[in-house]
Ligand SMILES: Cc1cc2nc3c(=O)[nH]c(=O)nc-3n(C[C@H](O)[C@H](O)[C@H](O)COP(=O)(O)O)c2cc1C
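This document opens with one chain alone, in structure tokens, the form predicted alone.
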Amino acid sequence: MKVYLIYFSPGGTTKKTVRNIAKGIKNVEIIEYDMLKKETRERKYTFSKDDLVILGMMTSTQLFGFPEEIFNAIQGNNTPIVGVVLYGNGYYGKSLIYMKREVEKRGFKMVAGGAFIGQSSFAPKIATGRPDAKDKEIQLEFGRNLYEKVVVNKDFSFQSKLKMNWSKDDAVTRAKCAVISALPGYSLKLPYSMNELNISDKCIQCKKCEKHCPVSAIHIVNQFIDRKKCIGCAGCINICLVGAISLANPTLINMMKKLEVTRADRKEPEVFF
């Protein structure tokens, strides 16, 4: 059996998570497709019933990034698939429900799912350092259980009933979460009014952020970020070696400071079979 890791991971936590899960699966060939790269998203991938796909995306209530492009790039043939979402210690909303629905439209059979925690891209004080050692062991165990279920026992069933995961923040935030989750579609983009980043004079023009950006929105020589292109994934903030890129919108900055308090308590991963 071949195991395919397909992920969109601007901050690196989704990639780390799906790789840890794959380490728990023995005696398989592992192939990776990094959907951060435009050329990878533009290709078509077809999988057989003898393959296993682990699909990882980031989430902000709904799937975030390029879910439509990624879903449309993959086609299964009764192919077992594992859905993985990463979120910043808040809540993952309907993201696993959306993922299951979309992959099963495209010929896959979801055999397991997992909602894991990663350090927040916007506010690194939220879920700092996660996934950590405890998370890694849970991810490895998830992979070992997948090995027994799918590889050894050829069990492609999915018994869990997926439900919406709610925010445990204040009432206003919970209400916003409910509204966002009820919106049509399954992707989010940061509102233009908040979608502003600052490049400080600490920038050493290494161009790592420019190369890392999934939409080619950064022109580092001119210290310009195209807000119309930018999807607000914060990959540039995470990849910068000197911390030269930061949020610039006061409303978003204050929101993140508030969430640093309300999301201080540790949340644990949830897995579904």
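All values reported here derive from a predicted model rather than from experimental measurement. From 1 onward, residues are counted along the sequence shown.
Although not depicted, the form predicted in complex with the ligand is the subject of the following passage.
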Q) Taking 80, 113 and 156 as a possible spot, do all three reach the ligand in the predicted bound form with a heavy atom inside 4.5 Å? A) no
In contact with the ligand in the predicted bound form (heavy atoms, 4.5 Å), from 71 to 79, 84 to 92, 143 to 151, 196 to 204, is stretch 84 to 92
For residue 232, is any heavy atom within 4.5 Å of the ligand in the predicted bound form, or not?
-> yes
field: the ligand contact at residue 9 in the predicted bound form, heavy atom, 4.5 Å
entry: yes
According to a 4.5 angstroms non-hydrogen atom cut-off, is residue 119 in contact with the ligand in the predicted bound form?
yes
Q.
Can you tell me whether residue 190 touches the ligand? I mean in the predicted bound form, with a 4.5 angstroms heavy atom cut-off.
A. yes
In this chain shown alone, the residue from 55, 52, 236, 58 with a heavy atom within 4.5 Å of the ligand in the predicted bound form is 58
In sequence order, the residues of 132 to 161 that place a heavy atom within 4.5 Å of the ligand in the predicted bound form are none
